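We've got the same protein chain twice here, in two forms, each standing alone as structure tokens: structure 1 and structure 2.
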Structure 1
Amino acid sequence: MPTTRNRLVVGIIYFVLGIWALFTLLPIYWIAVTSIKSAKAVQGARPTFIPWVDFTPTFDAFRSIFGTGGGYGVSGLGNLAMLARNSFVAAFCSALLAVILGSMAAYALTRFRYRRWRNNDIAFWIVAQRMFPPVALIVPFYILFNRLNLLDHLSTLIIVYTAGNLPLVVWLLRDYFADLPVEIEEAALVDGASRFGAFFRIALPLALPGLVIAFLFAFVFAWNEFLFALTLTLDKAKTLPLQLAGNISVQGTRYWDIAAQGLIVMLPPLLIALFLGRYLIRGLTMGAVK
């Protein structure tokens, strides 16, 4: 039977978790409520929080986004589809490339010993690239891709996002490959498999949870990226986060449009967190248990 002290501890834990859940979900609720407000309700003298009690809900912001009227925005469905396509292509392709290259680098760091530089030194150098402030790379990247005539191209975003997420992928996958039993690969090599065959047929299938986690992290980071997309794109390769900043105009900030578009932008990461949360936790902890 649980004692009074144990029940008190459990009650305190649930109370703290409830406060933290409220603190976490309140911004999402605010965005959802603001997206169904009218301009008058948003700019009113007092704040409103409860639909049908404090204000009358309206879908004018979503009509504006999808080009069916409302008079609040100028994006339209065509532009939104292009922005969503650009964001998805840049995030998906860069995450896929980062996982392909990162898995090879992580496998090499756990299976080979380098003489001139130690493996740990190489791994630290790769991870250290993630610590580099992105704002310090803006001018060099702009000059480089401007000389190559690659500004406002999706390929530019894919290259930059791949380079930015590669250290994270190597760091995540290195522990996965280190935990895999080497004897299985050695048995495959004895049976005549090449090193590449052992990597693709043995190591990669066993490290599949880590590959999925690394891909999801790289995808979410690329999906939410703003600074490089702002500097290296103009119109054709524009992404969804840039559209949110574009709602600030000389007429003021259109919070209703920002909230409606924010819901669309946060939808993929939110679905990943809701439906793949337990797999994310499992994938992150598997490589950390020795």
Structure 2
Amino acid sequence: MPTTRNRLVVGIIYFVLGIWALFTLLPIYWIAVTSIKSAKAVQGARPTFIPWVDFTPTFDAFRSIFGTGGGYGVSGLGNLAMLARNSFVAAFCSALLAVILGSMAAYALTRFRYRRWRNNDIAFWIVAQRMFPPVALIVPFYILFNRLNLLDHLSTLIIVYTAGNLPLVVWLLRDYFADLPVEIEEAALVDGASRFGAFFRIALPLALPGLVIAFLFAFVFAWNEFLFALTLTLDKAKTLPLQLAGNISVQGTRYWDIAAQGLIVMLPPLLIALFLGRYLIRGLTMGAVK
């Protein structure tokens, strides 16, 4: 029934969605396009919008980051290799730890019954950890890790990020384990397998897609994290977002350089987002509907 009225509704729907899609992509486009501008294209009388149309693209900003043709002291991403390694190690190790601890807890919450504290209460307590403002934790963490002589150590970031991601991982994997059929595990237990055998040989392999999704989410959130990196690291354990924030205030108007740096920091989450596809939505809206 393609009536004019229906056509109008469809028109409005795509108008709303189109406007929002453009709005969403605007900053991402702008940082990408700025990264290939020359100083002249950025500082000209009017802003430039499209490469080859109103300015000539150049890869100078990327050259300065990767070391050739740079040469303005502290600029660029400075020690890119070290920063990237720090960010990667902190995100990778904390995500892995969170998935190990989280998958065990999520499995427990879906396979055993806890009488005294009740499963739902335990799950809620775990998720509620995310509600508290992180700024309340920066001072105790600073003092405790200072006392342990662990400030500016990567292990500190790994420890803190694991705690930050554990609730999300438990929440995602609890759904996942709950959807797995328990019959196979029960059969294995009857055949004499231990609980750990059932977990490692049956439940974990079946839950592998869920584990990957949870890992990638944890990885991205740790990769993006700023407040704890700002307060608990200084130099050796500095991460990419921290350096980027520093450059934004120090390098002032060398916009093209910082845009290129920002793009590099954005790249891993962007790729993971594309890879996650439809699972992305489920993870991001977790807990809101269920």
Partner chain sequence: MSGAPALAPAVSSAVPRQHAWADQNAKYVFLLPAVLYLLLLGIFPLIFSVYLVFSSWQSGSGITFVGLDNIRRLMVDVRFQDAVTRTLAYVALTAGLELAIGLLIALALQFATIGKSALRLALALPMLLPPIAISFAWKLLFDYNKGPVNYALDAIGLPRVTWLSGQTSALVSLVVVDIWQWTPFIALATLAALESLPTEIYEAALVDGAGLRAVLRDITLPLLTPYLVAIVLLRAVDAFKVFDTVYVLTGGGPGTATELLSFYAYAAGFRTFNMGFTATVAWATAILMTLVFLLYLRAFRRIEEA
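So that the term is clear: the rigid core is the largest set of C-alpha atoms that superpose within 1.5 Å between two forms. As the structure is a computational prediction, the values presented were derived from the model and not from experiment. Residue numbering: structure 1 sequence, from 1.
Source of structure 2: the form predicted together with its partner chain.
Once both forms are overlaid on the rigid core, the distance between the two CA positions of A61 between structures 1 and 2 is 2 angstroms or more. Taking the rigid core as fixed, one finds a CA shift for L267 smaller than 2 Å between structures 1 and 2. Once both forms are fitted on their core, the CA shift for I31 between structures 1 and 2 remains under 2 Å. For G18, the CA shift between structures 1 and 2 after superposing the rigid core equals 2.6 Å. Overlaying the rigid core between structures 1 and 2 leaves the Cα of V9 displaced by 4.8 angstrom.
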